[in-house]
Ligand code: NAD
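Okay, here we've got a single chain as structure tokens, the form predicted on its own, with questions on binding and movement later.
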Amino acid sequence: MAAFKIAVLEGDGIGPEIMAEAVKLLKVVAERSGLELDLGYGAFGASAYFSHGRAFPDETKRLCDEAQAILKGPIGLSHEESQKIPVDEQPERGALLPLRRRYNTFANFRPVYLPQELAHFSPLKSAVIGSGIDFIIIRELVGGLYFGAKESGINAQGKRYVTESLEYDEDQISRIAHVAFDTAMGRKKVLHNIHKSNVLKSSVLWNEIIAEVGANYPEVEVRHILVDAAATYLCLNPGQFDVMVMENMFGDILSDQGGGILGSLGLMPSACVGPEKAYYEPSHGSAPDIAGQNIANPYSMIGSVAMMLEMSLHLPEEGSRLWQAMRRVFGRGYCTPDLSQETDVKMISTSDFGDLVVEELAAAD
């Protein structure tokens, strides 16, 4: 059996620490399932700039080109450290956006999942959380304002100015719509379409294409909601959502709000999927203030492995076992210092969390 090639990009800050636990669990699952792995490590992000002079070095590009999937850690440094890097090589511009563009990873999946074992992390009242929260945000990832034409300079009046374009065409919208409808078909067959068509003409086109694609999915109920209203309802009644689809910037903002209702972006893994390959990453940042202290929870990094097992390695049962193992660790009262300051919690380290997940996997056999 040929080995499955995975590019491992540890990233910055806490990235190497949480990636170590994710790889630990990936190797355990591979041994259980008879999967042969070929893991290659590459520099990426701010640390890559300081070591290689580029945030996305050519060696790392070749590694990712040859890989069948990419496992990526968080990137970025403190504001002060970031100022030492030229603007175009700062991690988001110099590494993250080029990664998305290179592999056309147009579909971003961000599950917002809060079972009872994790409910105590949320700032929401128990009456709002109910029996738990379980929905997924599907975000278009390579179009819109972030990838549109940009211009800055001095205008005829001598004033500094900037112009950035929000650009979409019907093909870009159609393909993410198909992903969203397909996802809804596999869940509760309810799709919330998030837009701002009362102001933005881009949303008018977006809604037209959603309607056209939706005609092929008569079983899916489409509910249209303005993005500002959606932000409110995420706090007041998150249980109404199952699958949400939206353009790039809306998805960036609302998925971070999803982390807020969970209690931390440290509880939100993600998948970024293109036509040929995908990369998997935690939604949170690199937390440079706690880097090297072995206190960051690796849940979102390990959860990204679970998503990779489900979506790229086609091992959904192994992915599910990994999710359940992490739930059981929290259910036993364990936590890392970055997620909880409660006195009745059994406080453990990053590496201890990974070890306990390994134990839970073994115990479930």
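Worth saying up front: this structure is predicted, and the values here are computed from it rather than measured. Sequential numbering from 1, following the sequence displayed.
Just so it is clear, the following notes concern the form predicted together with ligand NAD, a form of the same protein that is not shown.
- Although the partner is absent from this view, Gly266 contacts ligand NAD in the predicted complex, with a non-hydrogen atom inside 4.5 angstroms.
- Contact check for Ala55: every heavy atom lies farther than 4.5 Å from ligand NAD in the predicted complex.
- Interface membership of Glu310, defined by any non-hydrogen atom within 4.5 Å of ligand NAD in the predicted complex, is ruled out.
- Ligand NAD in the predicted complex comes within 4.5 Å of a heavy atom belonging to Leu77.
- The partner is absent here; in the predicted complex, the one residue of Glu170, Glu167, Glu92, Glu212 having a heavy atom within 4.5 Å of ligand NAD is Glu92.
- Of the listed positions (Leu254, Leu114, Ile225, Leu96), a single one reaches within 4.5 angstroms of ligand NAD by any non-hydrogen atom in the predicted complex, namely Leu96.
- The stretch that touches ligand NAD in the predicted complex, counting heavy atoms within 4.5 Å, is 297 to 305, out of 56 to 64, 322 to 330, 26 to 34, 297 to 305.
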